[in-house]
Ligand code: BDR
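Okay, so here's just one chain, in structure tokens, the form predicted on its own.
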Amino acid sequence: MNPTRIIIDTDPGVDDALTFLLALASPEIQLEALTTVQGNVTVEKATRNALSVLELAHASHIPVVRGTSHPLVKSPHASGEEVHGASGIGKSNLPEPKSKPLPQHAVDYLIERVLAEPNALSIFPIGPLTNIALAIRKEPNFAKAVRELVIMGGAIRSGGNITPLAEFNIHEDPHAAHIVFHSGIPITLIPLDATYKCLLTSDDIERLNKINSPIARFVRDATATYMDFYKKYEGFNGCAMHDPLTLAAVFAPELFTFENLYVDVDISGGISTGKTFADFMKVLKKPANIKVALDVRGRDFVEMFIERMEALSALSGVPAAEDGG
């Protein structure tokens, strides 16, 4: 069976970086490009981090394309440094990338790639949806030519993680999300309802680092600040695997409980701005527009993630017991 060809639209971000590594470790997926957007960090930092993580994984042949630096309407969030560290990728200290982003703007790149091969490419937006919304607005044929969107974002029955009601990616550009949700593109949404059930623990990190590898060390160092944040505010010793879980929609869909629902986002400007809501009772009489992951076998996913990271790490390291250091 041919692998699913994907472009990840991203604001790396710790869990974004882990998503790139998981894509590279998954034979079911062919990662074709990374397009960057402001979100967890500035678009400049996001682009640098995307290039650096691909270099770490010996995947610099995959193009990185810089995208939008601000949401469509609202002001950007002040900073994600408390969660993701000053660099955006925790306590990892990756060298300055040797590779450069493509000179094109990410919106133009997405339009060009999608229109060149209609219904061949899936896009996985794991940051704010600004680039995707602009592509929809700029090119009328874009929405018809995208195979699907698998979006990390939203909180349906769950509370929010940036306001009591809203999830970060959607809240960061709710107007973009509104455009995307109503675009007619087939959408799978992976909200906090599912992602908070996928907790990577310090024991998992320790297990992975039995392999002496730059990849294993990166996962440990990148998640350190993230885990500190979760311990301080959420009270558990680990971190949620928000973005990597999107990829399981390709290689382990059986882990999810999906429901087809009519989903919208509040752009009214009040306390609930950015809140994603689903019409469970069909009171709006509107057809379903999104396939929503309302539940997931979270520990099974984390186990798959660790196994794939162990395999990727083993390619670039030796077991710690044999290291002699």
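Note that residue numbering begins at 1 and tracks the sequence as displayed. These figures come from a predicted structure and were not determined experimentally.
Absent from the display: the form predicted in complex with beta-D-ribofuranose. The rest refers to it.
beta-D-ribofuranose in the predicted bound form: contacting segment from 207-215, 174-182, 237-245, 94-102, heavy atom within 4.5 Å: Among the candidates, contact is made by 237-245.
One residue of 192, 123, 107, 199 in contact with beta-D-ribofuranose, assessed in the predicted bound form (non-hydrogen atom, 4.5 angstroms): Exactly one residue meets the criterion: 192.
Exercise: residue 169 in contact with beta-D-ribofuranose in the predicted bound form, heavy atom 4.5 Å: Because a heavy atom of residue 169 falls inside 4.5 Å of beta-D-ribofuranose in the predicted bound form, the answer is yes.
Residue 161 within 4.5 Å of beta-D-ribofuranose in the predicted bound form, heavy atoms: Answer yes; at least one heavy atom of residue 161 falls within 4.5 Å of beta-D-ribofuranose in the predicted bound form.
Proximity of residue 152 to beta-D-ribofuranose in the predicted bound form, heavy atoms at 4.5 Å: Residue 152: yes, in contact with beta-D-ribofuranose in the predicted bound form.
Non-hydrogen atom contact residue 40 with beta-D-ribofuranose in the predicted bound form at 4.5 angstroms: Yes - in the predicted bound form, heavy atoms of residue 40 and beta-D-ribofuranose come within 4.5 Å of each other.
Partner contacts in the predicted bound form for 12-37 (non-hydrogen atom within 4.5 angstroms of beta-D-ribofuranose): Heavy-atom contacts to beta-D-ribofuranose in the predicted bound form: 15, 16.
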